[in-house]
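The chain that follows stands alone, in the form predicted on its own, written as structure tokens.
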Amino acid sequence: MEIKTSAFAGTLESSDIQIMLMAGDNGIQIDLESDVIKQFGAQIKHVITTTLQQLNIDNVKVRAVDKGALDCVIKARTIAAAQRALETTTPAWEVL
């Protein structure tokens, strides 16, 4: 699927993550900012990448600002941002 517009989901509050998606042309590129990047950076990127792949999004630039979000929050924010970027109204239930 192709990104139609830039979109974001999430906040910069504690235990949350803000995900911004923009159109890309070179696979899934993730720019991650996090206080715990050394401990959990690979896992955060894995959750974002896996979720986007399940949504059939192959070319996207991702800007993620993590404030200690759990995996379920990262996945939910990624799905919300993707649906906004794809301009879809029907939830992707199979990804949940």
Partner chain sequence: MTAQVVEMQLNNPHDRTQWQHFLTSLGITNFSAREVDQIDTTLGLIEDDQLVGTGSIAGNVLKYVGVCNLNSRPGARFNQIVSALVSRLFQAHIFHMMVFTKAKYSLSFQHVGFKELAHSDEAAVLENGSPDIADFVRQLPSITNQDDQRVSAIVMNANPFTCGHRYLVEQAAAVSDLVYVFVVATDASLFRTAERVKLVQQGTADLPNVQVVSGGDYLVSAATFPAYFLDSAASAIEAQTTLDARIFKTQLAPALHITTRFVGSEPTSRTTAIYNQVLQRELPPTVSVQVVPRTEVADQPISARTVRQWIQSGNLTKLNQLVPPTTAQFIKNNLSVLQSRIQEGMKINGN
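What you see is a predicted model; the values in this text were computed from it and never measured. Numbering follows the first chain given and starts at 1.
If you look for the form predicted together with its partner chain, you will not find it shown, but the lines that follow are about it.
Its partner chain is not drawn, but in the predicted complex it has no heavy atom within 4.5 Å of I57.
Under a 4.5 angstroms non-hydrogen atom cutoff, its partner chain in the predicted complex has K61 among its neighbouring residues. In the predicted complex, E33 approaches its partner chain with a heavy atom inside 4.5 Å. With a 4.5 Å cutoff on heavy atoms, V65 counts as touching its partner chain in the predicted complex. The candidate spot formed by Q53, A69 and V73 is out of contact with its partner chain in the predicted complex: none of the three has a heavy atom within 4.5 Å. With contact defined as any non-hydrogen atom lying within 4.5 angstroms of its partner chain in the predicted complex, the contacting residues in 1-24 are S6, A7, F8, T11, L12, E13, S14, Q18, M20, M22, given in sequence order.
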